[in-house]
Ligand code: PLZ
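For reference, the chain that follows is the form predicted on its own, supplied as structure tokens.
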């Protein structure tokens, strides 16, 4: 019996059914953009652990840094006995995130935890209750972040009641909003906010510069700057959720850089840790420092091993110029996918998607997306689906993928998308 089948049997009696996996093969080793399972099968990775292993799996600098730190000490809790690497990661966040103003940062464990803390900071600093989020948004699986997330199934179904004072505005979604320009789409959202919430009540406007789980929705140019301008005029905190888009994924260090956006707060996770769990909130010093002593923190936040990994990942990104690598990946993937004329192809850098629709319109085709994904998996390519309607095939290859690996993966995608 193949080892993966045996592990599946063990899983059925040990792991909760609510925890699912994309494929049924079990990983033995992984390096760069390649994965080998316990039965010796090999996979090309166009998922990167959902945009986490941007520097490649088992990146040499990350491995060495983790090993060295584990030999020194594994945990003290920064709130008890601090250490230099936590400070160094915060310094890197301050340097790399958009904005020339004075900043502060704090470290956490996951993207959802970073979002929760960003909301805490905004509410504390402004003294206001309301948080504005957007259609198709995804911000996490905790109680507050489920309230912030738009999609019910599978993230919110029968999980409520949810945290209050969360309000949803329309997103700029060029395929599905009639192609509104960015300014007009922003005015539509602002009109909803002003009528249903009221500017003086808004603590924060929270948005992904390019939506992730919601379908890799890239708003029309001008949408984000118009929202940020409104937020500042209203005295609200503009928060960019860069958990999936950050750390070189879109061809810039952060997706906000693309339009010169300077968010008040930025949330980070995923790619920053090179595969280890670490997250951050970074932003204007007056906002970050508004919270009283002891109001931010957590037992494992900024764990020393995760900090060592993050510093090594950033060093790798700089040394290999991974923003340029991401742009190259996009320059290869987007034209080839568009040549297939199979749906709405969109993305920036190495964050690319195909939204599959039924012929003659924009009606979602989730069955075709699932079929294409399975065909990729059967051919040894790990890909993901996403989108409010489940009809988006998304690609997040490691930024260190070789041209040959990228071409082989695209061959598989092409065959899968052209299935009858």
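No experiment lies behind these values; they were computed from the predicted model shown. Positions refer to the first chain, counted from 1.
Just so you know, the form predicted in complex with the ligand exists too; it's not on screen, but the next bit is about it.
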From the list 243, 329, 107, 239, which entry has a heavy atom within 4.5 Å of the ligand in the predicted complex? 243
Go through 83, 155, 167, 162 and name the one with a heavy atom inside 4.5 Å of the ligand in the predicted complex. 155
If we define contact as a non-hydrogen atom of the residue within 4.5 angstroms of the partner, is residue 141 a contact of the ligand in the predicted complex? yes
Using heavy atoms and a 4.5 Å limit, would one call residue 213 a contact residue for the ligand in the predicted complex? yes
Residue contact check: residue 302 to the ligand in the predicted complex, 4.5 Å heavy atom: no
My question is simply whether residue 111 lines the interface with the ligand in the predicted complex - judged by any non-hydrogen atom within 4.5 Å. yes
Quick one: which of 184 to 192, 124 to 132, 87 to 95, 243 to 251 gets within 4.5 Å of the ligand in the predicted complex, going by heavy atoms? 243 to 251
